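To begin, one chain is listed below as structure tokens, in the form predicted on its own.
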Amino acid sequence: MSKQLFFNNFRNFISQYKRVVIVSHVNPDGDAIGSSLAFYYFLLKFGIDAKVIIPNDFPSFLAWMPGVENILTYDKNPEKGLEYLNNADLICYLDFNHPSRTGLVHNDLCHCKKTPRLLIDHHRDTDYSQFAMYLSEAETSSTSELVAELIQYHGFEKYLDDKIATCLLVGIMTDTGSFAHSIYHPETFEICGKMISPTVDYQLIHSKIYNTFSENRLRLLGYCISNRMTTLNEYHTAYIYLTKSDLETYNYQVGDTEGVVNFPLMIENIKMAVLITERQGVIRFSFRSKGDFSVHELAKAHFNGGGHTNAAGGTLECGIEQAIEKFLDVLPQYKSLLNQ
């Protein structure tokens, strides 16, 4: 479905539904929370009874955002979450495109197969057959930008308020690393400019996200770079690994490793950076790249993941040593691409 067709038909489509549940992905980030809350507030303006579900908790640096008190965290209250899903007449997927990305919510989502689905997302490899309506644009900075475009189409002057603008700016800001990557067209800057106002302070939003580190988080970052970073100049690559013990030493909290993977890309000749983290019974990979090298293709082919050209993730069920070994075994396959 084209963007224009989605925008044109959205009002008539959404008016058919009275009880809508918005779901986002496991380990929700700024875009997941920002787009979900902005869409939630937008639906409320149509008189829709909207609910937001996330599988597990979000990083503490997002706790100030408007509307977070209205989010249901599934792993804390699965009974209420299941009640929301069973009562919904529409389920909306925001910032993910497959139920497997929802952790503990996955099974209960699958039991609601007859409930129609709507998708707003910017990831690749989507099976559109599962959705009654969808907006999927991989060449867009964030799901929040797509929600912003949807609201703009129906009229910022009518529907945009400070709460929605703040949530959308958080989503776009965090998914672009403060506008450092994933900018595919100038409209990203233009729409952000339209949402900033005397009562929506971009600098204050930025400070709340990036200048609220705990001491432990900052010390963990220093440890990552000093003790856990390896550079592989032959492949223009650097990786950082963190064991479960490392995280416990620094009293890890959700979100404490956010952005760590970006730091090796500050090295002049590094084209790919990888963070390998041992937690929650699996090994999690976070990939970032410069230029045309697709970490999406690498993550999809070898690490049960995917994402975007310059930002992707993956998982393995193994030990940290085995995960590093697999990554190092795979790397030679991409040597020519990384050396371009």
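All residue numbers are counted from 1 along the displayed sequence. It should be emphasised that the depicted structure is a prediction, and the values quoted were computed from it without experimental measurement.
Although it is not shown, the form predicted in complex with guanosine-5'-monophosphate (5GP) is what the next lines describe.
Think of it this way: in the predicted complex, guanosine-5'-monophosphate (5GP) has a heavy atom of just one of 312, 52, 272, 283 within 4.5 Å, and the residue is 312. At least one heavy atom of residue 306 is located within 4.5 Å of guanosine-5'-monophosphate (5GP) in the predicted complex.
Using a 4.5 Å cutoff between non-hydrogen atoms, residue 117 does not count as a contact of guanosine-5'-monophosphate (5GP) in the predicted complex. Looking at residue 163, you'd find every heavy atom of it more than 4.5 angstroms from guanosine-5'-monophosphate (5GP) in the predicted complex. In the predicted complex, guanosine-5'-monophosphate (5GP) stays beyond 4.5 Å of every heavy atom belonging to residue 208. Residues with any non-hydrogen atom within 4.5 angstroms of guanosine-5'-monophosphate (5GP) in the predicted complex fall in just one of 285-293, 65-73, 33-41, 52-60: 285-293. The single residue of 92-115 lying near guanosine-5'-monophosphate (5GP) in the predicted complex is 101, the criterion being any heavy atom within 4.5 Å.
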